[in-house]
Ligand code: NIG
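Heads up, the chain below is alone and in the form predicted on its own; it's given as structure tokens.
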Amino acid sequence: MAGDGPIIGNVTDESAYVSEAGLAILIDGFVIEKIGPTEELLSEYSQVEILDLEGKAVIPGLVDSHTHLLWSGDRSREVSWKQQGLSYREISQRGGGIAATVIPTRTASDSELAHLGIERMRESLRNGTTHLEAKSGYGLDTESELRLLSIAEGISAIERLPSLDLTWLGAHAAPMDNSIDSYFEEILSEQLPAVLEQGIARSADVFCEPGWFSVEQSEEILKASRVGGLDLRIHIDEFVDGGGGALAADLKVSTADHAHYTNDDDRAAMHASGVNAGFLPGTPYSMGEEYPPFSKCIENEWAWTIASDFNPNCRTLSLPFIGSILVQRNEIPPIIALAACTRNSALTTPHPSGLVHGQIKEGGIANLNILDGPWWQSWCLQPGHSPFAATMLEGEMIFH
């Protein structure tokens, strides 16, 4: 895909981003060295190993820019309670809600949590994800949050798995035995300094929503995080327009995610400030709600991405499925949906090598997906199973 910035607006000419058949990609180690006509590269580089894809289409490695990777427990029974009309508070009183995730996560061993994370990363890779952002957030005390980050760092070093970009989300919710106000003070005085000293997280995130962390509390946590050298992300406006969009624009965070009910003025201000709107369509799919305004972002040429939002209530790690929601249920063109989980999302979630990813580009990381057929559009048209015959991960071919 040509250029370096996000793809915004409507793509009326796919040829600017899609190459005709017949090209070859020369890879040296984990870097894409050259792209050109097959015959030309074969004549120039005769002593190379050749992999003939037999006409199969190739797209960039997918980038999942918002996941809650590490947690334990099972909240499947809550779906019946929701269908019975129980409120979130009533579900919590029955033993559900976030406590049903935090308690098992705190009591799980390091090896158990690491195993869960590795299996989830394998599932992501099977569905074409070559890099993903992973948040803490289900520990909700200093010791547990540091432990989740440490485990994530450990599994990020395992070969033949997607690379990770680690985010501290201690400000996810109040723990069961604490209030938001008290926990907010603990975050600033104890947890954030410990996270900074640990030095594992690249970014900080806050769940800014009425009933969770207020705009004022979110601002204070994020500003302190920035002073400590962390990049900034934020959850906003998932349930209502709570003013998170204006805060995101003011702080110029990298990405403001969910952004479901953000008003148009704040969306425009976010874009003007270089803030990405990170849509998470799997969440309204899981909750049976309407989808975010993808088309409005296209019409106004605002930057946006999609991600899985893998969590206890949205248990998918398949970006092709998320792409299917856009294309087959919201009439978003496949090229725009693809940009939203490759090139655009890579800009908010950098690769640890520092190289360009989410694009097939000379000098970029050799993260590629080989479709199981000749048409690249099939990447998002096979919900329920992976559309990929193989994935190249940092120059190594992994067949599915």
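As the structure is a prediction and not an experimental result, all values here were calculated from the model. For every residue, the number given is its place in the sequence shown, counted from 1. Definition used throughout: the rigid core is the maximal C-alpha set that superposes within 1.5 Å between two forms.
Just so you know, the form predicted in complex with ligand NIG exists too; it's not on screen, but the next bit is about it.
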{"query": "Single option in Asn311, Ser124, Ser163, Thr262 placed near ligand NIG in the model of the complex, where near means a heavy atom within 4.5 Å", "finding": "Asn311"}
{"query": "Listed residue that, although ligand NIG is not shown, lies within 4.5 Å of it in the model of the complex (heavy atoms), from His258, Arg267, His131, Arg120", "finding": "His258"}
{"query": "Which of 360-368, 340-348, 42-50, 61-69 lines the interface with ligand NIG in the model of the complex (heavy atom within 4.5 Å)", "finding": "61-69"}
{"query": "Contact of Glu145 with ligand NIG in the model of the complex (heavy atom, 4.5 Å)", "finding": "no"}
{"query": "Contact of Thr283 with ligand NIG in the model of the complex (heavy atom, 4.5 Å)", "finding": "yes"}
{"query": "In the model of the complex, Arg233 touching ligand NIG (heavy atom, 4.5 Å)", "finding": "no"}
{"query": "Contact test in the model of the complex: Phe213 vs ligand NIG, heavy atoms, 4.5 Å", "finding": "no"}
{"query": "Output flag, Phe321, Trp379 and His400 jointly within 4.5 Å of ligand NIG in the model of the complex, heavy atom basis", "finding": "no"}
{"query": "Residues from 69-97 in contact with ligand NIG (non-hydrogen atom within 4.5 Å) in the model of the complex", "finding": "Arg75, Tyr88"}
{"query": "Exceeds or equals 2 Å, Cα of Phe239 between this form and the one not shown, core fit", "finding": "no"}
